[in-house]
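Okay, here we've got a single chain as structure tokens, the form predicted on its own, with questions on binding and movement later.
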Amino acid sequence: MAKEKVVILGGGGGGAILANLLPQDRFEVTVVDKSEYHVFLPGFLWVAFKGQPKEKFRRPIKSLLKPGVNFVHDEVVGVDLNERTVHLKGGGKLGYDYVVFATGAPLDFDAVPGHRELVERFGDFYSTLENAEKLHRTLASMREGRFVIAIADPIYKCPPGPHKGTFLSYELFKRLGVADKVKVVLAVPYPHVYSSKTIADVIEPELEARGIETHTFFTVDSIDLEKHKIYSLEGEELDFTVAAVVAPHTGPQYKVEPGNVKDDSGYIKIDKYTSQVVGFDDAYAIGDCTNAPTSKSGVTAHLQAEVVAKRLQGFDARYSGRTNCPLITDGKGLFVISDYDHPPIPVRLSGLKRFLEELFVATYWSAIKYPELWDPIFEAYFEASAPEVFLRYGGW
């Protein structure tokens, strides 16, 4: 029997895990990516605020794929779902039996006036490893002033990311001996310091204890690099010496036919439980490129990849909307745990959870290439830490 052709657009966490999970005696799997490298995106924080080498958080995509998985280094410029064809920038075409969108959410640095110039001057901790390196050099040279972390749109990758950056930057300035002279500022577009009040109530005392200045209802609208001011949609302004702003995200920029499978922001419309592209039984989308009503995070892409792998093999697997996003301070951590039926549950900061985050970083590359070995551990953890379990026993 001929193998079914599966084309996966994107070699990030979700795409690579899916490719490695599909049995090769049944599927011919091809991964397409415009980059040769898979980047561990949370590593941007470690480079920007701890000065760790960028090479630690980058691997060739081909090296993370099982032998037998095809890798095409090219850029997707179009997908015709009716014709089952993927068009590549190099002029090639790929036919498929199943296609999976896993190309992430690009950052739009031109959506906010002054943002591109800000990144060019100071770097950031959301876009590239090189910009994370630049931000580390910038912060390491600060001796006084205000370092502001702000957000330009409420929907962005890794919801705790700006908060992790806030705590880690304070830790950096403390190590440099300038924590009393450099004010760390966090500005968010929510009514609380985190989008969930449950989590905000946990971390707000930690922010206050470190003297970190916070601003709520602050959505970045424009940046004036010469005046060193950030202006909000709500009509406020913030002074900064150095700033890092989380850019607005967009859906895939390549053309998809029919066009109505994308929403108004360009994200691929899917069934939130099955990851199936609306209107097509041979197309799926996972991770940040979708309109699923859950956080844009690595764990979402990972769990959706598992669901798609099972569904392609004939099983009625479903994604619960589970999140497990780490939020760390200088020494403690917590996990933002929720699903489609439960908002973030009450949790506590602890040193153990901070250690678990470090353990996750250490095992990441192995979990990408050999998901079948790690999945029993992850499944046991997700089952034991399900929101309904935590709520039954009063949190963790």
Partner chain sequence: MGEVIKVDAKGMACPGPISALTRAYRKAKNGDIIEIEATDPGFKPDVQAWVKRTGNELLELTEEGGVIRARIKVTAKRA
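From a predicted model like this one, the values you see are computed outputs, not experimental measurements. Positions refer to the first chain, counted from 1.
Another form, the form predicted in complex with the partner chain, is not on view; read the next lines as being about it.
None of Asn291, Gln276, Thr138, Thr219 but one reaches within 4.5 angstroms of the partner chain in the model of the complex through a heavy atom, and that residue is Thr219.
Of the residues given (Leu129, Leu94, Val185, Ile155), Ile155 alone sits with a heavy atom within 4.5 Å of the partner chain in the model of the complex. Contact between Tyr231 and the partner chain in the model of the complex is found at the 4.5 Å heavy atom cutoff. Residue contact check for Glu120: none of its heavy atoms lie within 4.5 Å of the partner chain in the model of the complex. In the model of the complex, Gln253 stays away from the partner chain, with no heavy atom inside 4.5 Å.
When contacts are judged by a 4.5 Å heavy atom cut-off, Tyr190 counts as touching the partner chain in the model of the complex. Heavy atoms within 4.5 Å of the partner chain in the model of the complex are found in exactly one of 99 to 107, 211 to 219, 83 to 91, 140 to 148, that being 211 to 219.
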